[in-house]
Structures are given as structure tokens and as C-alpha cells.
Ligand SMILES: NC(=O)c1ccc[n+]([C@@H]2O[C@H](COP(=O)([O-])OP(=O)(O)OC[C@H]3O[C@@H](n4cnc5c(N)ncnc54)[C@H](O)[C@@H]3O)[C@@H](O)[C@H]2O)c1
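The data below hold one chain only, encoded as C-alpha cells and taken in the form predicted on its own.
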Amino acid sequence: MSKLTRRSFVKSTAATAGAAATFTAAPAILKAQGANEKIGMAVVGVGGRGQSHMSAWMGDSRTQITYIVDVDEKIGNARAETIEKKQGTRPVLVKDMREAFDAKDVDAVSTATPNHWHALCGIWAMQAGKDAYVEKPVCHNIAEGAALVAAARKYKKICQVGTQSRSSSALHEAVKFIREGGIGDVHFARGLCYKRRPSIGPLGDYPIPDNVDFNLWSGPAQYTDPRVTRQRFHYDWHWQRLYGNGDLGNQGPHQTDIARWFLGVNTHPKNVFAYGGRLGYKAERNDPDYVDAGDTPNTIVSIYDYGDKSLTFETRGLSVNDSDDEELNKLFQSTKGNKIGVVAYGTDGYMVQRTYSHCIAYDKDLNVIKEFKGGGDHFGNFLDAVESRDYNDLNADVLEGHLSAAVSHLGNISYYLGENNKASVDQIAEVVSGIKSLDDDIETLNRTVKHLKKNGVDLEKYPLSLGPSLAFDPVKEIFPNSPEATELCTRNYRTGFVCPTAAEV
């Protein structure tokens, strides 16, 4: 299996063509940190996850938050007051991130914006001479991830991805145990996102909050008509593909990252296949005409072929209580509730990631061999690399984030292309039986179908969607046999918010 190294990655993406950059590059200079100087931080997007960024920077003596950026004035002012009380100085509040990137007292940027802004925010920041901490998924599509990696290398900037498990001592020890042969040879991993997600409400023309600058909020994403089709503005964008990537691209990048780490694969897969749907909400509402405002799948199984290794990712958004998935229940030591984690299947046993700070190794009879516990300081690791100026010091360099986010994007691409290809369980089983994988794919299908039926889904009336099996070129980052799939590796951008390609950064 060929390895996509950082050097070969940047070289291969230099030939990529696309839209023009919209931010002027600045010299790659970070101010020297003197005895009384701190790293000036700008936090972009200070809603839910953004508050964790704020807490991390205020809790580290090396940093001072000098700017916060939010398109919602109400939220922005509230966060500025919180920061002022904690650190003693009030950060400048702006709506447009470019104002913060121009500021001389900003040395580094961390962003927790909606997904559609992640890559462009990081690229603009690095072009302006700032280091960047970018939340997962590091990009909204594959081409953006390639551009972000290229920008980090070109401008010699530190770019960390918010997959915090990469700084977990439990995960580091678990990976070391796998590499030393603790569970034998490992060629297959299963990622799980069994996470209850209720309906986000019916489709409708809902008003944009008065305090939100919708032009800046939309940024790279085209306006919709009606502009907002969800009741809860500030979170439920996750389930609309114009802005988010569903739970495969929301929770998924954490587990796809760990699954790749367990497998030791440092490239994209060679093939992807997915099936699923947005199912169950009609049954919950007891209304056959109900239309949920989300358009990402709440149930999806995606299968990835890496050559001599493979990965399966299962996303379930309906109720996961009273699960009768016997082996998984034993591995996760739970029959009820959410299961968020990864199972690596070895010839001599299993490695299970149960939380970000807890892993368990089992033998083939499901007896516990060893447990691994302990967290880490992911934000602190970013600052360590900012000080050393060596991206190799990062636990989650941007290339790792790109490879892990791409797993989710590839699965979604197969699903979206097959969204209107409704299929019976028998038809899906026939296709699944021919897919190259190290999983028992029929058993995975059967468990998925059983889960849906337990949630009242009539699969004859509301069948699953069957995506195509797609060959992918891991170096060129295109689908050689599907121009339609390659088109979904990027998006149409609005004027003024065009994300440059890897060749253009």
C-alpha cells in the first residue's frame, strides 16, 4: 500500500485547478515571545464549541485573547464580557474575521465556526501570517482539505485540527499496544456513531435572527430559498448539507481519525460504498406527510477499502436504547444508550475506544486484557508547536485532519449520488455481498435493518438509498470513473468567499 506522505501530498496537489483565493498573503512572521509578551489569540465563532476554545486560551499563561469574531452580536458581546472578567482585558469584537486577521496583536487563530467556514477561515488566517487551530471536520469537502494542507506548508504555519483524541494518553498507549502486536495483526476497524438525533423540525421559511449578519454567516455557502429552512438557527445547520455534513461528518471525524490511527493507514481509501437514509421521523410524528428540514442521512453505513485493510462506519440517529447487538454490547459494556467509539479487530483480540480517554483491549473470548486511561491537553499541544515552529510537534497536524475528514466526505458522496436510488433490503444485500471488505457486511446490514424496524421504520414504504461503489484515486483526489462524484469534491462558492484550491493558495 502506497503511503501519502506530507511531501508527496503537497507535490501531488500542486497540479489541482480551481477558484481564486480571496485573501492577500502576508509575511509568515510570528512575534517573538518575550518575558512579558503573550501569544495573541483570535477566536472565530464563540457559540457552543467556541466557549471551549475561550476557556483553553484563558487557562494557559502563554496566551491572551485579543479578538473574538462572531456574526451574532448578542453572543459576541456576552463572550467579550466573560473574557474581560476572566483575563482582565476586553477583546475586540468584530463580525468579519478578516479584520482580526489584519490585526498586529493577533498571532494565532482558533475557529469553531460552522463546517462550511472551517477551511477558508484557516486558509485566510495562514495567508495573513497567523497560525491556526481548526475544529473538525477540518473542511466541508475534499478539495478544501487539500487546500488547507497546502496553505500550511506554503506559509510555514502551524495548523492543528480539533480531533482531541490525538492528544489523549489513553489513545497513545492503545495505539502503541496495537503496534507491538497486543491484539495480533489488525486489518479492519469499525467506527460507531450510535447517537440519538431527534428531528430538527419541519421544513419552513424561518426568519433569520435579527442580531445575525447572514451574509457573513453564509460566507462560502450559497444562499438558500427560503434562506433558512430550520427552526433552530445556531446548531441545526449540521443536518443541512449546504453547511454541515450530517453526523458522519460531525461526530464521525473523531472516530474515523481513531480508526485510521488504529489501522495505521496514512492515505485515502481506494474505494467507497454507502447506503442509508433520513428515516424514522414520520413514524415518530405519526404523520406520513411530515418532512424534516434536514437533508443529511441520519442512518448511513459507509464501507472503505484501503487495499489490505478496510474500515466500516455506522451512523444511527434514531433511538439506540435496548440494543441487541450482542458482540458490540459486550465490547462497549453497555446494552443501552449511545455508542460512540471504534473497534479494531485483530487476529488475537480487539481494541475498543470507548471515550476520548478510555480504551479497552480484549482477547478473542472478550476477556479484558488491558485498559488504558488518561486524557491530554490538545490546545496546549498546539501552543507547544507554535513556540517550536515545527508542525511535526503537533499531535493532529492538518494532514491527519484532512485524511480523516475525507473518510466522512467520501461516504456522503456515495450516499448523495445514490439518494434517489431506493432499494429493497434484498437488493442492497446483493450489492453488499460483492463489496470488497473485511467486515461481515451482510451482518452489518441486518443489524442496521433490525435497528430501523425497532424504530418503526417501514422499509417497504420508505426504503433505504443505495449509493454506488466508487473507485477513488488517493493521490489525485478524484473519482476516475465518476465525474459526478468528482464534482462533489468541491462546491459552488459565493463571490468574495471563494476557497482557493491547493494550487492557488
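Numbers follow the displayed sequence, beginning with 1. Since the model is a prediction, treat every value here as computed from it, not as a measurement.
Unshown form predicted together with the ligand; subsequent notes refer to it.
Heavy atoms within 4.5 Å of the ligand in the predicted bound form map, among the stretches 272-280, 132-140, 146-154, 185-193, onto 132-140 alone.
Interface residue remark: A103 is not counted as part of the site for the ligand in the predicted bound form, having no heavy atom within 4.5 Å. By the criterion of a heavy atom within 4.5 Å, M97 is counted among the residues contacting the ligand in the predicted bound form. For G47, a non-hydrogen atom is located within 4.5 Å of the ligand in the predicted bound form, even though that partner is not displayed.
Interface residue remark: N115 is counted as part of the site for the ligand in the predicted bound form, having a heavy atom within 4.5 Å. Shown without its partner, this chain lists S310, Q164, Q127, Q240 as candidates; in the predicted bound form, only Q164 has a non-hydrogen atom within 4.5 angstroms of the ligand. With the partner omitted from this view, the residue of Y345, Y391, W217, F332 that lies near the ligand in the predicted bound form is W217 [heavy atom within 4.5 Å].
Taking the ligand as positioned in the predicted bound form, the residues of 56-76 that bring a heavy atom within 4.5 Å of it are, in sequence order, V69, D70, V71, D72, I75.
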